[in-house]
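Have a look below at one chain only, the form predicted alone, in structure tokens format.
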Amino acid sequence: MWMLITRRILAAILTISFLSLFVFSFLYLVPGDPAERILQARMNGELPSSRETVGVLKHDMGLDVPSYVLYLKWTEGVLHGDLGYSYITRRPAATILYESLQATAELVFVSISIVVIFGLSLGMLAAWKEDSRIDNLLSYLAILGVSIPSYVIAFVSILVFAVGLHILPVAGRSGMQSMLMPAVSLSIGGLAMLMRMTRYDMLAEMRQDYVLAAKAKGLSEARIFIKHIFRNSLPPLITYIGLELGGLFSGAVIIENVFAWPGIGRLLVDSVQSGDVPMVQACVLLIGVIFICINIIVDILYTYIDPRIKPEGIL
């Protein structure tokens, strides 16, 4: 087990290193001189009046050194929790990111709860009622949920529940009511996919020989279904839930902007539009690190969920 954890952590460190290099390159991928972009952002889009002003700013911010030296300094700052300063607000990027992360974490927590509770429950129901009207109806709904993009669901829900019925707020973060539409819009696709996967995996397990052996021993169908079939179906489902949890953070970029939810997604889009490179770097780096950490946790959980899988085989 410790060997697995060590190998996964080393792989994560290597991946994060490549991610940091990619994120740092944003400073040079954007056309123009970094110092000029900073001054332009602070002057509401106007170009700096002289090259001397640009040169002074470059020196003050340490941008007049080779790129590899700048990368090492930036990496050292990141390791100490210093993600730089916003070009626009001049506040620490880490502080702004922390404020936005709280809003995104709330939205993602509610969304993943909806995905897990309803995805697993409806998938189990569809498998239990195989080839029945309930199974067929749930299968059609699952296909529909996977096919419709989250932003379409978001706009339709706004038209129906906010503009038409006036029972939910259009946008903002003002309590559970304002979270309902964003969370449902964000979770529908994952819920539908998890429901289909649960049904498929459980039906495959129901046709295994150990199910017949359990029935021959006189175990009740409900006990066989829950304790044996569902448990043996969990490993691939846990993997998907973990990937979905990471995907929700990236999917929140669209949904948060549709509903004006003050999270990382909205912060990322606003930073891109305003040319605030340090904030873009901070957002992308955080989302990437979260996704990598979730994958490590999922891999480790494998060995506890399914004893048939050896730790050395998980890579």
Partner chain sequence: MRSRIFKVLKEKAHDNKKIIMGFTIIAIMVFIALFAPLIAPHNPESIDLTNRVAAPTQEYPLGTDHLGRCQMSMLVFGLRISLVIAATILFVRVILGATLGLIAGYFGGSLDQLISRIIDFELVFPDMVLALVLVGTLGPGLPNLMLALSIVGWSKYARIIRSTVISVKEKGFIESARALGVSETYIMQRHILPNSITPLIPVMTLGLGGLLLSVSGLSFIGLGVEPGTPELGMMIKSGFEVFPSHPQLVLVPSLMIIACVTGFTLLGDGLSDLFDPRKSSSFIASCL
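Just so it is clear, the model here is predicted, and its values are computed rather than measured. Residue numbers count along the first chain shown, from 1.
Beyond what is shown, the protein has a form predicted in complex with the partner chain; the following relates to that form.
Notebook entry, point to check: When you measure heavy atoms, are Leu19, Ile158 and Asp201 every one within 4.5 angstroms of the partner chain in the predicted complex?
Noted result: Yes, the whole candidate spot contacts the partner chain.
Note to self: Based on heavy atom distances of 4.5 Å or less, which listed stretch (119-127, 137-145, 100-108, 79-87) is in contact with the partner chain in the predicted complex?
What the structure shows: Among the candidates, contact is made by 137-145.
Next item on the list: Could you check which residue among Leu219, Ile226, Leu180, Val163 gets a heavy atom within 4.5 Å of the partner chain in the predicted complex?
Entry: Exactly one residue meets the criterion: Val163.
Next item on the list: Identify, from the list Ile241, Met206, Met197, Ile114, the residue with a heavy atom within 4.5 Å of the partner chain in the predicted complex.
Entry: Result of the distance check: Met197.
Item checked: Any non-hydrogen atom of Leu268 within 4.5 angstroms of the partner chain in the predicted complex -> Yes, Leu268 sits close enough to the partner chain in the predicted complex that at least one of its heavy atoms falls within 4.5 Å.
Check: Quick one: does Tyr151 come within 4.5 Å of the partner chain in the predicted complex, counting heavy atoms only?
Finding: Yes, Tyr151 lies within 4.5 Å of the partner chain in the predicted complex.
Check: Taking the shortest heavy atom distance, is Met193 within 4.5 Å of the partner chain in the predicted complex?
Finding: Yes.
Check: in the predicted complex, does Ser250 have a heavy atom within 4.5 Å of the partner chain?
Finding: Result yes; Ser250 sits at the interface with the partner chain in the predicted complex.
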